[in-house]
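The chain that follows stands alone, in the form predicted on its own, written as structure tokens.
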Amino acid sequence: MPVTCVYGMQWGDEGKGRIVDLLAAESDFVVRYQGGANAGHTVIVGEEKYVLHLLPSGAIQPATINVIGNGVVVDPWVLIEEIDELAGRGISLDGRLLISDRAHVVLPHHKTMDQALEALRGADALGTTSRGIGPAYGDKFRRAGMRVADLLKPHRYEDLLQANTGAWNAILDKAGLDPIDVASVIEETRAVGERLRPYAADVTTILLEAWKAGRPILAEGAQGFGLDVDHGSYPFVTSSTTGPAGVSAGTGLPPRALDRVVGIVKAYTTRVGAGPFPTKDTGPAGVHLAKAGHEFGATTGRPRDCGWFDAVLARRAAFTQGATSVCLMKLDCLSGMDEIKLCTAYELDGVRVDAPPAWAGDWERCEPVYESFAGWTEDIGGARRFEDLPATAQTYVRRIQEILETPVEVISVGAERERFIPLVEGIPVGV
């Protein structure tokens, strides 16, 4: 397992942290390669629940080295809180955490600008997490950002802040918000820079040496394919490349290093915030899924909208990102439903559509084309083999595998670490 990528195939919240935690046990390195503190990965170990935003999900594994790659935008304050919280729970990251000195930094005014931009959009607000991710990436690409390397050189970040304050304050003024207090930001930033100094490193060199030595590396994506800045429901997307295409850019590992791509999907679909959601169900089924799946955002706490499995989105995610296998999460949440639906295509203005439209407005107007399946009443939380599942559940899972043309490698039947069915080679279709 030289380099494996785990990524979400829906609109985020698929359960990536759970699978990364499982795979981290056989990995020397776990690497976050994009996104920022707008992510929320939940890992449950026994009675303990860990919610991670910036730290890789391998942090819970005692021997894993955790890496924050250059493609991540790092909120130093959030990161320090996570480090301290784990330390308070007996998990030390000393010698086990590396932060790329090329990673860009989220500063306090990025969060304020996030709120300002949302306010200026009015009714067209995107529903961002207000974590400053978009403005930080914006500064990165207009070559006005601050990196971890700058954070470690006080004279450098002071010059950067002074040079860019005018552009930022113009936006804040238009939104009716207070201007940036540069002196205050400099003082706050100096303290967090010193806290992060022991973790900063040229992680690309470290990862390249590990890859050449054949050491197993696990790359962990945040958000999901539907939120990818290029392939998702633009403009209702995040500001980075969420799939395995982002691994090379966000770590420095060459594209040929990646040889295993594990896509994560829920057995149904959820979404937080604004944007298209063709299979959203606001009736009893959606209420059942929200309750059974405890569907609240790990980062925002906002309730997630719930609906049926959208195979149009998941198929696109599997094909374009080269998934070698799929992990199907939260199958247990469908227990107790008389009928289960699966969206295999859309209809747009009376025409069948087999791929997501480019324009979010068209995607919003798409009507799902459903296949229906009989449900099951059994509690499947104790299933550890595919054959232990009710026949109707087996049929449903086989159909998902067939549509995605990708083997299902794992089925999750509960939130706890041990509640899953390992399949490895996928489910024999037609058996």
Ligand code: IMP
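Since the model is a prediction, treat every value here as computed from it, not as a measurement. Counting begins at 1, following the sequence as shown.
What comes next is about the form predicted together with the named molecule, which is not displayed.
- Mapping the unseen interface onto this chain, I133 counts among the residues with a heavy atom inside 4.5 Å of the named molecule in the predicted bound form.
- Although the partner is absent here, G40 lies within 4.5 Å of the named molecule in the predicted bound form, judged by heavy atoms.
- In the predicted bound form, the named molecule stays beyond 4.5 Å of every heavy atom belonging to M146.
- Within this chain, V229 is remote from the site of the named molecule in the predicted bound form, having no heavy atom within 4.5 Å.
- The chain is drawn here without the named molecule; in the predicted bound form, the stretch among 200-208, 269-277, 182-190, 250-258 whose residues come within 4.5 Å of it by any heavy atom is 269-277.
- For the residues L79, L151, V237, A311, the 4.5 Å heavy atom test against the named molecule in the predicted bound form is passed only by V237.
- Screening R352, H294, R302, R156 for any heavy atom within 4.5 Å of the named molecule in the predicted bound form leaves a single hit, R302.
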